[in-house]
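Below you'll find only one chain, the form predicted on its own, shown as structure tokens.
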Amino acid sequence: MEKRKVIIDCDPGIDDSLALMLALSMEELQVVGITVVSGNGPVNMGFSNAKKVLKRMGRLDIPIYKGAAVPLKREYVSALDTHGVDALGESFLPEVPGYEQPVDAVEFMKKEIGRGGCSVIALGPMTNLARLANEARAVFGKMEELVSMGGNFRSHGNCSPVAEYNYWADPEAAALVYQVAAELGMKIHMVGLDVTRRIVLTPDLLEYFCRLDPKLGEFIRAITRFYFDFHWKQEHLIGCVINDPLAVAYFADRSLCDGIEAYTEIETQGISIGQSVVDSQGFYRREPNSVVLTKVNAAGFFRMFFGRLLNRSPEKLDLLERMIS
């Protein structure tokens, strides 16, 4: 099997951590590096959390690069209220010392993407990608594919009535990335809240996972407990929405989601800051610069998530079928 080379640009983060775990469990993906940006937590915290996840997965061979510590223009606003004071569900896992790299995230991207044949899955604010577009537009255009967990189309926002956090946290960066994509004839795959809100890890699903793999299951339980509590307090949801793993799953298997091609811009001003404005009706008469996902096979996602992380075939997950049917 030919593996697809990919950089995961993220802000770990509870659901980022689950997404990393899924990506590292996929034999069809070659994760060549992890780049970190300030988002859910500060960049140094994200770097620390990425190391904790890689250690748990036995993959500290994968390099991690620190990126932008602040947005392009705006004051940095974390999501520690959602992810806990350590950005990893207040699991307070032991620190993993070392693994600092001699170059930063953007310099690594320039080198790796410049070689060709490399994609990016962006799970956090787009600050690193915007810096890449500003500093090396030709290299930016060499990305084989760009999948972004961010934005929303018909669904409401999660940090304002109209905006999703990743795009809201650095709207200038997101706006620039979509603008450059339009200029270069690229299409960003927008895995937004319209589809990720359907990916709910329930207590039953988590308990089943723990029964099948107690060690890995307890790791997931430790980092998601805070998330479960947050979703109950905020939305009276019994379970937690795990946004970012869907972007990884979709990158590997396009049959999990469907959507529309459209021209998209990101608002940078006023009460709609961070909103992803999707021209689904073609008012702007612009060529599409995005594939906006609107439908998802949530059951198919959980088959993949459980199957890959547990290294089990579907027929050995019979209870899962009854839980997600």
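None of the values given here were measured: they were computed from a predicted structure. Note that residue numbering begins at 1 and tracks the sequence as displayed.
Same protein, other form: the form predicted in complex with a small molecule, not shown, and the subject of what follows.
**Q** Hey, of 237 to 245, 202 to 210, 111 to 119, 96 to 104, which bit sits against the small molecule in the predicted complex at 4.5 Å between non-hydrogen atoms?
**A** In the other structure, the partner sits against 237 to 245.
**Q** Looking at S91, Q179, S155, N158 here, can you tell me which has any non-hydrogen atom within 4.5 angstroms of the small molecule in the predicted complex?
**A** The residue in contact is N158.
**Q** Ok, V195, A173, M149, I188: which has a heavy atom sitting within 4.5 Å of the small molecule in the predicted complex?
**A** Answer to the contact question: M149.
**Q** Whether N40 contacts the small molecule in the predicted complex should be assessed with a 4.5 Å heavy atom distance threshold; does it?
**A** The answer is yes: N40 has a heavy atom within 4.5 Å of the small molecule.
**Q** Taking any heavy atom pair closer than or equal to 4.5 Å as contact, tell me whether Y250 reaches the small molecule in the predicted complex.
**A** Because no heavy atom of Y250 falls inside 4.5 Å of the small molecule in the predicted complex, the answer is no.
**Q** Does the 4.5 Å heavy atom contact test between T127 and the small molecule in the predicted complex come out positive?
**A** Taking the distances in the predicted complex, the answer for T127 is no, it never comes within 4.5 Å of the small molecule.
**Q** Using the partner position in the predicted complex, report whether I223 sits within 4.5 Å of the small molecule, counting heavy atoms only.
**A** Output for I223 is no: heavy atoms all beyond 4.5 Å of the small molecule.
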